[in-house]
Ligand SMILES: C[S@@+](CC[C@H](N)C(=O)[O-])C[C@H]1O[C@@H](n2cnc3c(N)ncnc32)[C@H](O)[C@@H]1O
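As structure tokens, one chain now follows by itself in the form predicted alone.
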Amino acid sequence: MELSERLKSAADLVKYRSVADIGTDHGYIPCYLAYRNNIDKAIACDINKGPLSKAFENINRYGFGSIIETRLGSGLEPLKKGEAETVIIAGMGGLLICDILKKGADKLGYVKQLVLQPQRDIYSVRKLIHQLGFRIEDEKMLCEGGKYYNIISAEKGNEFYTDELYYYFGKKLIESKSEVLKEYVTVRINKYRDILEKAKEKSDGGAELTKLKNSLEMFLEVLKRYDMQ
């Protein structure tokens, strides 16, 4: 069974045998996990009837109807407490993921692992993971179709970063000197420098220019850590 690298990377981080895939779309992740015999049970949830109907078709086409159940609903609402050890939320904006987790916080007491793939606002997601009583135990970054993706695995535990840079870029990625993160940071540095050069020609300063300079400094600091022994 073929999956995009983004979805496969999320699926490969799953550690437990019962999962809930929130915003399942066509049900690819739970189908992949069932195909690999990595799960005993999955609940595929989506707020929209169309994608959920497609997920139902895919599940039955592959013969996983006894393992994967589809449920219509928003966020974690379709779940009962204790039904899933791992909750997967992939392919959504970071702020939407945060909203789903906050609204479903009462269900998270029974969850052992979060596998999250935010499309943006990753800083906010990492912050909330810690606020909810989870620690980030693994993080992957990949480039697919010219876009960069972060996939985070978090498990129960107390953890907070004293270095804000870790919330922006990922402690695990920086410490492991991820080549994909380095590539992403280098691309952004070049972009910021180009923007700043053009801005200097048109303006003598201002809040926007200061913001750009501060962003550039953060990216340069990350790159500097790659050169440290």
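Start at 1 with the first residue shown and count on from there. Being a predicted model, the structure only gives us computed values, none of them experimental.
The same protein also exists as the form predicted together with the named molecule; that form is not shown, yet it is the one meant from here on.
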| property | result |
| --- | --- |
| Met92: touches the named molecule in the model of the complex, heavy atom cutoff 4.5 angstroms | yes |
| Close approach of Gly73 to the named molecule in the model of the complex, 4.5 Å, heavy atom | yes |
| Partner contact for Ile47 in the model of the complex: the named molecule, 4.5 angstroms, heavy atom | yes |
| Ile100: touches the named molecule in the model of the complex, heavy atom cutoff 4.5 angstroms | yes |
| Which of 105-113, 134-142, 74-82, 150-158 lines the interface with the named molecule in the model of the complex (heavy atom within 4.5 Å) | 74-82 |
| Partner contacts for 13-32, taking the named molecule in the model of the complex and a 4.5 Å heavy atom cut-off | Ile22, Gly23, Thr24, Asp25, His26 |
